[in-house]
Ligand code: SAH
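There is one chain below, alone, in structure tokens, taken in the form predicted on its own.
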């Protein structure tokens, strides 16, 4: 996919619902039928070449080519892991880049999508936040990531996690529309979509009002305010109990279990007293705790991975308290695609046009 100098300024068809495509087609007598065909090509066949959409009239294809882009993104860098993970560094033809990851498993194919360029939350353990925040992604850029990754996979991508760059709930209107398109047009189940948040309480409440049956995962990482304050600036605004109350209300509104992402950092968050406090916090609420051993990120704090003994002990304390526990399957370490490592391994997150053009394009 190569976006020309002028074409990048055109509106994009990807990111539009079928009804919106029909509105774009205007007063044509066959607008309803043609919008269905266009949506099918874009979202089900992942076709970006209008001239390859042979069931559309030639005159319509030519007109659309002059007025619209079919895809908002192009690939700057593609990195492939020894364990089958693919990481793309993408941009929309400007100088701002972000990442998305393809995660094939034996029983499914998943993908991790970004919602922002950079991240404003400043979590001390996360490489993405080290580069600062630039902007929200629009709907076309969010959905476009999924479609680019699907073109790399022979199997259908059935699961989507918004755990890439950015805080998804700070881009809530675009996130919600993107999820609706992934459900309505691409055909994904809402139950196979997970949104991860550091805990923006008003936005959790707004998302609950939508009553979408998606998974909402809270990046908790400590049940103790004094520890979470040091790791996550957001905790100063919405402390543990307040954000957990919002998650409980979300669970009641949607009927979905609360998922807690818990990063185990040696001698920081992996202590037995925190395991006991976590079990007490979530007692009586349908839940899943996903343990994530820290992936190395070069920060000033000098954080380290927990020992296997500490991970086992932490998990054992939770399980003995009746907590549903899973441990994150670690993927893509050799290409820095693992949790907390999504930072551009290039000369800078924000690159000028020349440096973008010089990067190797995936074939």
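Residue numbers count along the first chain shown, from 1. What you see is a predicted model, and the numbers here were worked out from it, not measured in a lab.
What comes next is about the form predicted together with the ligand, which does not appear here.
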message = Just checking whether residue 261 would be counted as a contact of the ligand in the predicted complex - the rule being heavy atoms within 4.5 angstroms.
response = yes
ask   = Wondering, does residue 198 line up within 4.5 Å of the ligand in the predicted complex on heavy atoms?
value = yes
message = How about residue 221 - does it come within 4.5 Å of the ligand in the predicted complex, if we only consider non-hydrogen atoms?
response = yes
query = Any chance residue 144 has a heavy atom within 4.5 Å of the ligand in the predicted complex?
reply = no
ask   = Of 163, 175, 207, 289, which residue is found within 4.5 angstroms of the ligand in the predicted complex when only non-hydrogen atoms are counted?
value = 163
note = Answer key: of 328, 34, 315, 46, within 4.5 Å of the ligand in the predicted complex (heavy atoms) is 328
task = Have a look at 74-82, 184-192, 146-154, 164-172 and name the one stretch with heavy atoms inside 4.5 Å of the ligand in the predicted complex.
result = 164-172
query = Looking at the ligand in the predicted complex, which residues in 259-297 have at least one heavy atom within 4.5 Å of it?
reply = 261, 263, 292, 293, 294, 295, 297
